[in-house]
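As a starting point, one isolated chain is supplied in structure tokens, in the form predicted alone.
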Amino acid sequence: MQIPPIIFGTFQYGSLDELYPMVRSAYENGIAGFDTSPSYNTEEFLGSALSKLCSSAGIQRDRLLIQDKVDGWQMEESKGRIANYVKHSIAKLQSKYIDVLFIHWPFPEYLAETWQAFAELKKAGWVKKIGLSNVRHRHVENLLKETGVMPDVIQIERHPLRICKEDVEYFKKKGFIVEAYSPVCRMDERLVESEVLNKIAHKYNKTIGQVILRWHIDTGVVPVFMTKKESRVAENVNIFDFSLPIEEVEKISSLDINYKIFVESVCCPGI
């Protein structure tokens, strides 16, 4: 399964009953990729939701992409030997493998050991692609020097208030697929009130959110979005009937102020 152009995230869902309608709506609107993490506490919900979807709609597992993560506490508790945690996650997901597995945060302790374990899991077929989340190019450079193991995918917080220009350019030059979580920055008022975004949205008869998601795609990045509204799912995929010329991409990128929702020193001390 190739990485689709847009992925549905499952952060902050509290039950299968809450998640399943959104998973079904996502698939019905053309979304085949789903993202979770042990720290989201949604692996079991997502596994059940996708199993139910496959059964009811006659969908084969290989038509879906599932992304999961290994969290810092798992790295520390196992001293980087995280295989059993991953196999447990696969069981929760009611799958035989994970399409993309990320190290959630680059905690320095046991990072190299964990990354080597990722390479072994990929070789064994437990995961199809391996990735790093919440990294900058310096983390990747250091890890490559230490292990020689190349990531397939990078997932970072990215939106018009934090465009990560140098990092994204480095990742893409290396041939890594780049994904953006929090792609619309939770519709920060500085985006909602942006004259640039409002003018572009009016021009294409789109919402600001749709324009931002299109900006990600037109800059070669895969947005990973979440919502609890089915109408928003349909809205967020209605972005493939227009594209932004380079001058509009640059205007949106000029909104960058290096603003971050998930502050690194809080989420991952020491990086």
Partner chain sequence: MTFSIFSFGLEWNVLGSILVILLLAVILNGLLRKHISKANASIINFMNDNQRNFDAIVIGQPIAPCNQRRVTGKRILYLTHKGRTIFASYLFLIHQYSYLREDGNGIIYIVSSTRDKRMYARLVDVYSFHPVIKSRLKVGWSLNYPILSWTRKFGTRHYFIDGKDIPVRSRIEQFCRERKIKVEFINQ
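Residue numbers count along the first chain shown, from 1. None of these values were measured; they are calculated from a predicted model.
What follows is about the form predicted together with the partner chain, which we do not show.
In the predicted bound form, none of the heavy atoms of Gly80 sits within 4.5 Å of a heavy atom of the partner chain. Heavy atoms of Phe107 reach within 4.5 Å of the partner chain in the predicted bound form, making it an interface residue.
The partner chain is not drawn, but in the predicted bound form it has a heavy atom within 4.5 Å of Lys260. When the partner chain is considered in the predicted bound form, Arg186 lines it closely, a heavy atom lying within 4.5 Å.
This chain lacks the partner; the member of Asp152, Glu120, Glu76, Glu169 within 4.5 angstroms of the partner chain in the predicted bound form by a non-hydrogen atom is Glu76. Screening Arg190, Lys128, Lys92, Lys174 for any heavy atom within 4.5 Å of the partner chain in the predicted bound form leaves a single hit, Arg190.
Segments offered: 81-89, 197-205, 131-139, 94-102. Contacting the partner chain in the predicted bound form at heavy atom distances within 4.5 Å is 131-139.
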